[in-house]
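So this first bit is one chain, no partners, the form predicted on its own, shown in structure tokens.
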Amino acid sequence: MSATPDFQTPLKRVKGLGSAKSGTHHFIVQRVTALALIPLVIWTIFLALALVHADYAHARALVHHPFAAVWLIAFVVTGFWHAQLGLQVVIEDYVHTKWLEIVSQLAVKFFFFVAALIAIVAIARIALA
């Protein structure tokens, strides 16, 4: 008898089904982005509250500051990455047609990449102007 018990059924052993060995990484990245978003969201809320009664010049001056620009870009990248990871899990769990799942996954990745790129370019234009 082996030292580690085998909990797979004979059918599962024959089909070769089991862990794909990638779920742990996805789980950890999703949790790390969630933890990173906590201070980033708090900071972004304070930034937004500071801009409530500000005019355009003051808002632009705040975002022009390198500290604010870096934190805003970190917020955008982390937020879109976390959202993409979450939607990936939803699609994997609830879309059962293979071609639709693949198309949906690609569309989500493309959409979030383009949206993040647009936001980063907008922040960079303000910060570097």
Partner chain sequence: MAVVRPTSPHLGIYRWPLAMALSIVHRVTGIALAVGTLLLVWLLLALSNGPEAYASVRAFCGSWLGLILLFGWSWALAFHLTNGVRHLFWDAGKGYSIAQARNSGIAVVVFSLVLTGLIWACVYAQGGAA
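Note that the structure is a prediction, hence the values are computed from the model and not measured. Numbering follows the first chain given and starts at 1.
Below, we refer to the form predicted in complex with its partner chain, which is not included among the displayed structures.
Asker: Wondering, does Phe75 line up within 4.5 Å of its partner chain in the predicted complex on heavy atoms?
Answerer: Residue-level check for Phe75: yes, a contact with its partner chain.
Asker: Any chance Arg31 has a heavy atom within 4.5 Å of its partner chain in the predicted complex?
Answerer: Judged by the heavy-atom cut-off of 4.5 Å, Arg31 is in contact with its partner chain in the predicted complex.
Asker: Just checking whether Leu100 would be counted as a contact of its partner chain in the predicted complex - the rule being heavy atoms within 4.5 angstroms.
Answerer: Output for Leu100 is no: heavy atoms all beyond 4.5 Å of its partner chain.
Asker: Can you work out whether Ile118 and its partner chain are in contact in the predicted complex, taking contact to mean some heavy atom pair no more than 4.5 Å apart?
Answerer: Contact check for Ile118: yes, within 4.5 Å of its partner chain in the predicted complex.
Asker: Could you list the residues in 94 to 129 that come within 4.5 Å of its partner chain in the predicted complex, counting only heavy atoms and keeping sequence order?
Answerer: Tyr94, Phe111, Phe112, Ala115, Ile118, Ala119, Ala122, Ile123, Arg125, Ile126, in sequence order.
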